[in-house]
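Okay, so here's just one chain, in structure tokens, the form predicted on its own.
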């Protein structure tokens, strides 16, 4: 659904899609050639073999490696919280950012486990986006600027980028975006998030219904939908994914909210997510349906629903294992093992 815009704040964003590199076939072929000589039956490592090809191809180098993984967490607040759609107050976003910065969150422990860096970007937490049930969340200029800001995620030149978020109210935002993009009933896309009760869930569904009805005439333009129904952390994740593609950096994206960001890119150009893998399928009910819309199979399904990049960070271990298996296993000749006839 590539849109045509000129001389607008989104023009430069859309122009990036025309400069996307393709996967480096030479690196892929080198992985395939070595894989055929390793001491295992062909295909016996299943998807791990595919991940090694994906990693080298999108790094545009051989051998594949995961030496500098980084998880980037974008934090934003949302005016729709005023509709009573969350179990926690908006100030928890800033409190959790402090928790990330002092090493006390789950994502800190996961990143430490796999030797990954962790960066947290605060996105004007003191100024929530507008209430999407009443007006657009952002104007076009600020949305485009936030996408551009998200591109700073690759400033340290990681070789694997994991993206996640923190934002009280953002499962409501993701549900509204998905309902706007794909249709269906609001209830199809709304879940309990951080644990709202039945009354809170009903308010959440009603808020999504009202928001999508208000903005329905603009939902065919993915970037317009983003700025009307999205949030700053989602816009920044869009920027991070785009920058990683241009910088030949493979991406693991996290749960429902991060996948909603990926869906904006997919709606503009499905090939725009070829350098990405879905790290996990969260327990948020609509996440599986969203992944199906993107035709993506998650690496993990552990019934997690924490957010904060936790699932993406956990999947680093799988990608690291794939690279280490490819690079470290002996060939049949090296091991003195007879290959099949």
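Residue numbers count along the first chain shown, from 1. From a predicted model like this one, the values you see are computed outputs, not experimental measurements.
A second form of this protein, the form predicted together with a further copy of the same chain, is not displayed here; the remarks below concern that form.
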| property | result |
| --- | --- |
| In the model of the complex, the residue from 96, 138, 268, 144 that sits within 4.5 Å of a further copy of the same chain by heavy atoms | 96 |
| Stretch in contact in the model of the complex with a further copy of the same chain, which is absent here, among 302-310, 24-32, 284-292, 56-64 (heavy atoms within 4.5 Å) | 302-310 |
| Heavy atom distance at most 4.5 Å to a further copy of the same chain in the model of the complex, all of 42, 106 and 325 | yes |
| Residue 332, heavy atom within 4.5 angstroms of a further copy of the same chain in the model of the complex | yes |
| Partner proximity in the model of the complex: residue 86 to a further copy of the same chain, non-hydrogen atom cutoff 4.5 Å | yes |
| In the model of the complex, residue 297 touching a further copy of the same chain (heavy atom, 4.5 Å) | yes |
| Exercise: residue 50 in contact with a further copy of the same chain in the model of the complex, heavy atom 4.5 Å | yes |
| In the model of the complex, residues of 177-209 near a further copy of the same chain [heavy atom within 4.5 Å] | 194, 195 |
